[in-house]
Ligand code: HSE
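Before any questions on how it binds or moves, here is one chain, the form predicted on its own, in structure tokens.
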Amino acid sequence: MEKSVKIRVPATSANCGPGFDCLGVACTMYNELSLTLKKEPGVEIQVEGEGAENIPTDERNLAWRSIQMLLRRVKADDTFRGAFIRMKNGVPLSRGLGSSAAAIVGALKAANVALGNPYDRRGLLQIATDLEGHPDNVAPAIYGGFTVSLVQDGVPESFSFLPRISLKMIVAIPDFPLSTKAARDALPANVPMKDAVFNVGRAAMLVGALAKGNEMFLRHAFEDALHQPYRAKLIPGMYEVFDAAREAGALGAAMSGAGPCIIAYATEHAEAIGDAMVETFRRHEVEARAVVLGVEERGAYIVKE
């Protein structure tokens, strides 16, 4: 008997300012993926929502490739050679909100449930990291909350925690995409020692202040010297948007992942912060919209089996 599984997976924001490639947070914006594994070969994929017109619906589809990897690892690829996949996407593509991580994690979670959960979350993290290349987005999509991740000898390790602050994330979403490759290509091969020290201090301060619930120590904790200065040329008015968010009441602001979304962190004045960010983008001839998100406390979860 064929088994259908429906999974909801959150958007994620990586880096959180200074935590380049190691910090991430799950957000209350979602993709949904429904999966039915089939014994007959062939895949049928339906996509609606954000970026539907740009997502392949054949063998190239990232969700299907993720499912196939899991099937191979549990040696079930000869048993299940096809699938029906339905994707309902709320996470915009190529905006720095973890759309590829959501596709990967949603697909892996669905396939894992359909097969009787051969992997725990650490096992899924390994497969997702192998597919994505790094754990900063896939970890919060799996675990929820804020996550701190590292990779040791090819094995990712992540832990999650919830901030002891009632934190809101105001995301300004520009009307243009930015590929992760282009953002990566903007980075230098080496950085000055002073910039590395700058980020180590702020990343540690950020995690400590969130875990302890001390807003005072967040004043400079979202600042970064490793990646944002080099990517600023890709996002018109980026630093002015940061300034506008802080002036409107934000605790801090940063690029969301590789951009171009800008994310402000606040406990109040969310609407005013969003308006200020959108208006500042407009002054730089960029149309944007603002959404207010919370921290999603859990990662990908089953909606209906």
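We number the residues from 1 along the sequence you see. Just so we're clear, the structure is a prediction, and the values are computed from it rather than from any experiment.
The same protein has a further form, the form predicted in complex with the ligand, not shown here; the description that follows concerns it.
Of the candidates K233, K212, R184, K75, R184 is the one whose heavy atoms come within 4.5 Å of the ligand in the model of the complex; the others do not. Listed residues A248, V47, A266, A258 were compared with the ligand in the model of the complex; A258 is the one with a heavy atom within 4.5 Å. Heavy atoms within 4.5 Å of the ligand in the model of the complex map, among the stretches 191-199, 108-116, 128-136, 167-175, onto 128-136 alone. A residue is said to contact a partner when one of its heavy atoms sits within 4.5 Å of a partner heavy atom; V9 fails this definition for the ligand in the model of the complex, lying far away. Looking at 21-45, the one residue that comes within 4.5 Å of the ligand in the model of the complex, counting any heavy atom, is D21.
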